[in-house]
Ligand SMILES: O=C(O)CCC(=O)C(=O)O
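Heads up, the chain below is alone and in the form predicted alone; it's given as structure tokens.
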């Protein structure tokens, strides 16, 4: 798929991202027809889940499934990411966040970087909408500018419906009143900084809310293999002159699950 100048960030978009920690209203990555085809194949991936697993256990399956790898390596996505990370970056993670209709599951307020044993902070998350996403079906919310305040304390809380047990500690000084509601059409994506505070409510609607998160980092970002020993990078743009992390081999099968179980965000969040 050829790269398109329409997906290269303008100076104004880059400045907005640096100030606010997110970007919305980006040109679609996939047409409605293309996204419908991709979504139609999703059940084949879900069929690989084992008893007791859910869609949130599909983590790093881009390493074994071209179905996901090809999305992660889409040049249109890379154009957007290059506008944030610069010309040399890699992909290292992907995961699904699927809320079925009438789901009570939430995602508590958190910062991605708190979970990840990686330094320095130079990563961006792409959230690709498989369905139309809005306030009605549990779309994500984000606190603009919260990435500029550094990491804040998180704590484990199992008394909620959040799919993440590790979230912002009670009493953390931030106001959810300033949160921006994300709205995306199927095939669109958003970008957010790894330190931006964000979360999402339940989905009381009759519509599914499915999204694929893809994580990209500059080549200067190093993973702690003692915490996440299965970490692998897939160079997207430029050259990796630093070689700080293991390099993965692109998959060949359309649908396949890894032989290992990826470290969950709760397991990685050891701070």
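The structure presented is a predicted model; accordingly, all values stated were derived computationally and were not measured. Numbering follows the first chain given and starts at 1.
What comes next is about the form predicted in complex with the named molecule, which does not appear here.
By the criterion of a heavy atom within 4.5 Å, residue 110 is counted among the residues contacting the named molecule in the predicted bound form.
By the criterion of a heavy atom within 4.5 Å, residue 146 is excluded from the residues contacting the named molecule in the predicted bound form. Proximity of residue 230 to the named molecule in the predicted bound form: non-hydrogen atoms within 4.5 Å are absent; the residue sits far from the partner. Contact annotation: residue 205 falls outside 4.5 Å of the named molecule in the predicted bound form, judged by heavy atom distances.
200 is the sole member of 200, 94, 123, 167 with a non-hydrogen atom within 4.5 Å of the named molecule in the predicted bound form. This chain lacks the partner; the member of 39, 213, 55, 245 within 4.5 angstroms of the named molecule in the predicted bound form by a non-hydrogen atom is 213. With the named molecule omitted here, the record of contacts in the predicted bound form names 205-213 of 231-239, 23-31, 40-48, 205-213, defined by a heavy atom within 4.5 Å.
Looking at the named molecule in the predicted bound form, residues 127, 140 and 192 each place a heavy atom within 4.5 Å of it.
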